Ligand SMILES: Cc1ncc(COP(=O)(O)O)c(C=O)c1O
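Here you get one chain, nothing else, as structure tokens; it is the form predicted on its own.
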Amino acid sequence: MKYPLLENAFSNQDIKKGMQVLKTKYITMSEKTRKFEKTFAKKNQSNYALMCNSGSSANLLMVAAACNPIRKKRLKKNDEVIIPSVCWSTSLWPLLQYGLKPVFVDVDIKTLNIDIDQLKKRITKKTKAIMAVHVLGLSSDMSEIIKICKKRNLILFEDTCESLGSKYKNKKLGNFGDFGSYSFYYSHQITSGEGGMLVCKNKNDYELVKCLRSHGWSRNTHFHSYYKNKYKNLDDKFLFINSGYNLRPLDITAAIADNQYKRLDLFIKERSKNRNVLIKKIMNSKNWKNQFHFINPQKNMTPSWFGLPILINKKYIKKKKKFLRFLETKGIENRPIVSGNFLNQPATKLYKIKSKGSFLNSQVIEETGFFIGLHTKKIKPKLIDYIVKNLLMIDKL
């Protein structure tokens, strides 16, 4: 692949850190994970951080916690949760798995994120939460979403899996809501191959998600002493006090992610530079004929770019599939913008998910949108020229 989504994701030092853990022969979750959680929370401006085995698992954990009977303010079966129609599958599935009712809302074409006006129109007395999905390093107007949540007493989830390091009004995304999630999958802002992080504001939620992450076990939670004294007839090493999963990471992935996280600011800077150079080269080319539209950051938004989202000019829509296949033959890897309009996905028919309203922008994003990678190292001028040349071949196919 001449231009993959991400090139040379792991440095020699990253691999060395992973190997150091492997050589100890103690690779399961332990001190390396706890160290990274503390480092992450501090740098990410989060009160509490809990690592798990993927960003999808972080989404599952935050919904599980919000629905848990131990939580005073909790979601109940059939409560409505608003979610943007441009989202990832595991932004949605935890809602269904916990008996909640997803209510899809269209997105703003300028941000690729939930449309604030549409959001306000879809809120009813049954609405109890919002699942904000920060797409490709961008976000909606978080000030407005927070106002809505406070006024309506709504729980706010932030799926920040594609936007680690992005800021709104100088505050890191993921920290506005009750819970936030991040992913360290390959090609994301940092990677450990697999892995994710959940953040939350208060100690009780943190202890709850820690319990849910590990089988519903009381061990290493502040619940332990209470249940130990209450159930003295049971072995206090194995007290199961809640529902739960096994969503724990390995110390190997924590060690690699921790080492990558030290370079996050550098990665953000390089991705942004590469984006600006690519767009400038495209628009200054003699072959530029407004073939594409680029998504620019809105007021108060400081993106940590995941990739370069591109919308194809509508007059080339019929060429889109042929064009993307052409890019692949040229070694330029590309992807849909998240999953397009998720209401068109086959699984929504299987689970009979329906939503009222118009989803025109989501449809435009599906029909005209795609993205290419932004590397964490400077892209060489020859490769820039190669990418630009082949992108601008769209009107010649």
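Remember, it's a predicted structure, so these values are computed and weren't measured experimentally. Note that residue numbering follows the sequence shown and begins at 1.
There is also a form predicted in complex with the named molecule; it is not shown, and the following applies to it.
Taking non-hydrogen atoms only, H188 approaches the named molecule to within 4.5 angstroms in the predicted bound form. Contact check for D258: no non-hydrogen atom falls within 4.5 Å of the named molecule in the predicted bound form.
In the predicted bound form, none of the heavy atoms of E207 sits within 4.5 Å of a heavy atom of the named molecule. In the predicted bound form, none of the heavy atoms of Q363 sits within 4.5 Å of a heavy atom of the named molecule.
With the partner omitted from this view, the residue of C161, V199, V107, L173 that lies near the named molecule in the predicted bound form is C161 [heavy atom within 4.5 Å]. Checking N274, Q118, T90, Q291 against the named molecule in the predicted bound form, a heavy atom within 4.5 Å turns up for just one residue: T90. The candidate spot formed by S56, V133 and S183 is fully in contact with the named molecule in the predicted bound form: every one of the three has a heavy atom within 4.5 Å. Contact with the named molecule in the predicted bound form, judged as any non-hydrogen atom within 4.5 angstroms, is confined among 38 to 46, 354 to 362, 326 to 334, 56 to 64 to 56 to 64.
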